[in-house]
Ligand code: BES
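The chain below stands alone and is given as structure tokens, in the form predicted alone.
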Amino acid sequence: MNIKLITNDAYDAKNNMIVEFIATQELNSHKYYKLLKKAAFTAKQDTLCTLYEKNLLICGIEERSSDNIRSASSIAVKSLKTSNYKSATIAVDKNNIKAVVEGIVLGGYEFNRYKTKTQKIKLKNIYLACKDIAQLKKEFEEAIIIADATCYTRDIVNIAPDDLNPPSFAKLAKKLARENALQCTILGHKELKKERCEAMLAVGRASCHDTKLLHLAYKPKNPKKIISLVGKGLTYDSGGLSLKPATSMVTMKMDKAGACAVLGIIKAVSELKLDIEVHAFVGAVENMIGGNAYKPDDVLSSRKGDTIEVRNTDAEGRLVLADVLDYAQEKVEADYLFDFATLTGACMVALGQYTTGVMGHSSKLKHDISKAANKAGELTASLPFNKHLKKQLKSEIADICNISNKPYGGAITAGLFLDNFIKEENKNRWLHFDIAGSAYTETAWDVNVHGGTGAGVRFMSEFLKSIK
């Protein structure tokens, strides 16, 4: 399906559907109001009415906000894909073009890698009609790049664990580096031992796949800022010896979503050609069971040098991130440090499945991210650190414990565990994003279909675009 930006009078065809957005308060003044009334159409958000005799698809919206138009565009494209129309035309302007593009690309997304039979779609082209192409070209191209990067992230998240393990993740990263002119460094077992990444190596010890640390870099000339992105890349998480229940193991291919997000972000940045330097660090590990698996009661030595008492092997992502965060801070002196991880079920309990939890010390940075997320159409909410929760990570036999000694505030205590591995000079430059709920869905919502959502790519791209 192709999306093209055209002028209002540039295309006319018989087998073409016109798509219109109508707010509830505009319904009475529509030229086909009588037909719409006969169809009992009330223009509620995300409702559709097709007037086939007029080749017209009417989409209801609550009001003309970007969020509403994005969602309605998503519903519209799904309807169009089941029709016999070969093309559709949507009128766009500077206020709605980004939302329309994202609704079409993200709402129309499909992951068919493992299907032997797929439905044939007749819809080939969607035309975005405007008065002046030159006026909208930049916003159109940026929206396409970010939406495509989000779909790229979704694709990686959705790949089955048998096909995407740490070594094949490294190959995928190398391919992205070649295609987008990025620098790429891969560390395997030998290099990680040399780097003293013992916590990360312990998590992957029982897997037959070699643990990998990936480092991709986009380096334009004279960058305004330097940004480090760190992603949790658990290509599969069985829970280790603290084995997950069978039902909880299903969907654990999504435990690499943080790593997938940072690849999607650096892809978008390099294609947008932003004048910022971006480094993407990924800890690619598989957490399995076996005779040599790490155990509850083990004490691990982190790259930083702090010892960690293991009380639950299913709290493994934070052990991986502890070493990768330390490595990233030593290798790159960044202006901002962001980590993305499907870290805790507790974040879903706190915020629901749609919202990314944001944690860190800088109120200004959290506010700036919130603004970017609102503009991008992603949901974020801040979870506050406090000294009392930090005490719950105390260990009697090591420097820190990998889980809290109380069953409350689990998302925050996980963030506080990571905070232990952030250097003092970087405390106000760092934010932790818990995407456990927002990164994957088994029920379609907004522009998200079943599977990976690409959480984090849109709001971080929006934030990075705004850097001055």
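On a predicted model such as this, the values are computed, not experimentally measured, just so you know. Residues carry their position along the shown sequence, with the first being 1.
The form predicted in complex with the named molecule exists for this protein as well; it is not shown, and the discussion that follows is about that form.
The named molecule in the predicted bound form comes within 4.5 Å of no heavy atom belonging to Lys331. When contacts are judged by a 4.5 Å heavy atom cut-off, Leu343 counts as touching the named molecule in the predicted bound form. Contact annotation: Asp314 falls within 4.5 Å of the named molecule in the predicted bound form, judged by heavy atom distances. Using a 4.5 Å cutoff between non-hydrogen atoms, Asp323 does not count as a contact of the named molecule in the predicted bound form.
Stretch-level contact check against the named molecule in the predicted bound form with heavy atoms at 4.5 Å: of 351-359, 84-92, 249-257, 105-113, the positive one is 249-257. Residue Arg318 is the only one of Lys267, Arg318, Arg154, Lys98 with a heavy atom lying within 4.5 Å of the named molecule in the predicted bound form.
Residue Ala436 is the only one of Ile69, Ile58, Ala436, Ile412 with a heavy atom lying within 4.5 Å of the named molecule in the predicted bound form. Within 4.5 Å of the named molecule in the predicted bound form, a heavy atom is found for not a single one of Asp339, His367 and Ala373.
Of the residues in 217-254, those that come within 4.5 Å of the named molecule in the predicted bound form through at least one heavy atom are, in sequence order, Lys232, Asp237, Lys244, Met252, Met254.
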